[in-house]
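Form predicted on its own, single chain, as structure tokens, below.
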Amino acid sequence: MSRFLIRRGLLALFVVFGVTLVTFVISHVVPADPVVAYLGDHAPPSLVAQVRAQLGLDRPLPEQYLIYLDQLSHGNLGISIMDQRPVGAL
């Protein structure tokens, strides 16, 4: 019975890892730029770069993924671009 539970637990970890990886990749493959959507089309490049740095989008993808996992593990789903409120509250 314990072998079954261990296997199921490992499978669940694998599935969670896969789901987080797929959602992360999809969010980065989408052609829309979240910073431009947040600021608008006429935002100055200096402001775009500043917001990109604040959101961590200027970091390498593996580092962004680790930050994403850390934030998810703490229940932080980020801030909605449209409503400026925590996603968890929505």
Partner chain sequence: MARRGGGSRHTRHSRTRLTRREFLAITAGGAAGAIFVPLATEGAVDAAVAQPAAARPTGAYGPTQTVVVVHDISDAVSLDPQRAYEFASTAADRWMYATLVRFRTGDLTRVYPEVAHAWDVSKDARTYTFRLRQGVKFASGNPLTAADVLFTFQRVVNIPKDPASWLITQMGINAENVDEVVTAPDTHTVVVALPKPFSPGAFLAIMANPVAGIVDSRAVKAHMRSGDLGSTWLNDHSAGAAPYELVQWTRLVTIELSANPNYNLGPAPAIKRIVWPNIMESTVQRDMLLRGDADIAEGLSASQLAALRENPRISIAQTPDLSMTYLGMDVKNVPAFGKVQARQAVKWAVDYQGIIRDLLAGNGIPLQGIIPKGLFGYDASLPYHHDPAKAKALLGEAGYPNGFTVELLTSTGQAAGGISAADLAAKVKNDLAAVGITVNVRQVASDELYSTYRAQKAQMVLAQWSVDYPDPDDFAKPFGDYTQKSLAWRLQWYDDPLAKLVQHAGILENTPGRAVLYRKINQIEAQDGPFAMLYQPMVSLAASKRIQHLRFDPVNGIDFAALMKT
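Residue numbers count along the first chain shown, from 1. This structure is a prediction, so every number in the text was calculated from the model and none was measured.
Below, we turn to the form predicted together with its partner chain, even though it does not appear here.
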Check His42, Val48 and Ile81: does every one of them have a heavy atom within 4.5 Å of its partner chain in the predicted bound form? yes
Any of the heavy atoms of Pro31 lying within 4.5 Å of its partner chain in the predicted bound form? yes
Tell me, yes or no, whether Ser27 is in contact with its partner chain in the predicted bound form, where a contact means a heavy atom of each within 4.5 Å. no
Could you tell me if Tyr65 has a non-hydrogen atom within 4.5 Å of its partner chain in the predicted bound form? no
In the predicted bound form, is there a heavy atom of its partner chain that lies within 4.5 Å of any heavy atom of Leu57, even though the partner is absent here? no
